[in-house]
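Only one chain comes next, encoded as structure tokens, the form predicted on its own.
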Amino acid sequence: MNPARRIRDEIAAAIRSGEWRPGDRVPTEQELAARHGCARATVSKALGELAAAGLVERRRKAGTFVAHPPVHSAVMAVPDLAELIAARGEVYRWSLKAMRIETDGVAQCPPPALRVEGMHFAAGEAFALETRFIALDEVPDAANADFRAEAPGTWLLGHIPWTEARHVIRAVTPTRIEAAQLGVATRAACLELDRTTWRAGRVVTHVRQLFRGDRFDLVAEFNAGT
């Protein structure tokens, strides 16, 4: 078998079997070359093919790491990120950054609105930035909810039924601050999701979520004629 293909297949098998977990560091090119008795160029070719397949992530000056598989979400659903991340076997965490009441008209949400800003984490790494507005006239209990312990989206799905939703999805370049918070390059591709949900014609919440482009997919499945 071609040496590069053999190295590629062995690493892929270790990843798919769970022996190497997302975030694990792959041995260096020098270590792999010594282990397999081949040139570094052969190892580099194998790692390049694994990166193209989305199995590893090559970071300049840091090394090669097992990639985190992207989290998939149905386009027509309002997902709970905590459930989606946990379903992948990764540890989820929410970190509240700021919270205040806005009395002026903001975004798609009528005042008074509770503004909640925070970060979703998956497997210890930044997953998505969130800025959310909750209509307090429609959801007064949100003013007393503990959004340090629970993400507002999770809390809303558990307390307030929604009847309508509208998504706007864009590919965007993050600002310098956003890139630093997400741990990506300033010109990295990110996925921006703007969502407004209503209950019986009245706005419940409007949220902007900014995802790392390599960690999140929006998926739709449908049949012809539907």
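Basically, rigid core = biggest C-alpha set you can superpose within 1.5 Å across the two forms. Numbers follow the displayed sequence, beginning with 1. Just so you know, these numbers come straight off a predicted model, no measurement behind them.
The next section is about a form of this same protein that is not shown, the form predicted together with the DNA.
Enquirer: Work out which of the listed stretches, 169-177, 153-161, 30-38, 192-200, brings a heavy atom within 4.5 angstroms of the DNA in the predicted complex.
Expert: Among the listed stretches, the partner-contacting one is 30-38.
Enquirer: Classify Gly63 as contacting or not contacting the DNA in the predicted complex by the rule of any non-hydrogen atom within 4.5 angstroms, answering yes or no.
Expert: Looking in the predicted complex, residue contacts with the DNA include Gly63, since a heavy atom lies within 4.5 Å.
Enquirer: Does Arg16 make contact with the DNA in the predicted complex, using a 4.5 Å heavy atom cut-off?
Expert: Taking the distances in the predicted complex, the answer for Arg16 is no, it never comes within 4.5 Å of the DNA.
Enquirer: Is there a non-hydrogen atom of Thr42 within 4.5 angstroms of a non-hydrogen atom of the DNA in the predicted complex?
Expert: It does: once the DNA is placed as it appears in the predicted complex, Thr42 has a heavy atom within 4.5 Å of it.
Enquirer: In the predicted complex, does Arg21 come within 4.5 Å of the DNA, counting heavy atoms only?
Expert: Taking the distances in the predicted complex, the answer for Arg21 is no, it never comes within 4.5 Å of the DNA.
Enquirer: Can you name the residues of 11-25 that have a heavy atom within 4.5 Å of the DNA in the predicted complex?
Expert: The stretch 11-25, when checked against the DNA in the predicted complex, contributes only Arg25 at the 4.5 Å heavy-atom cut-off.
Enquirer: Superposing on the rigid core, I want to see if Arg58 changes position between this form and the one not shown - specifically a Cα shift of 2 Å or more.
Expert: Indeed, Arg58 is displaced by 2 Å or more.
Enquirer: Once the core is superposed between this form and the one not shown, does Glu49 show a C-alpha displacement of at least 2 Å?
Expert: Superposed on the core, Glu49 moves its C-alpha 2 Å or more between this form and the one not shown.
Enquirer: Is Arg195 displaced by at least 2 Å at its C-alpha between this form and the one not shown when the rigid core is overlaid?
Expert: Superposed on the core, Arg195 moves its C-alpha less than 2 Å between this form and the one not shown.
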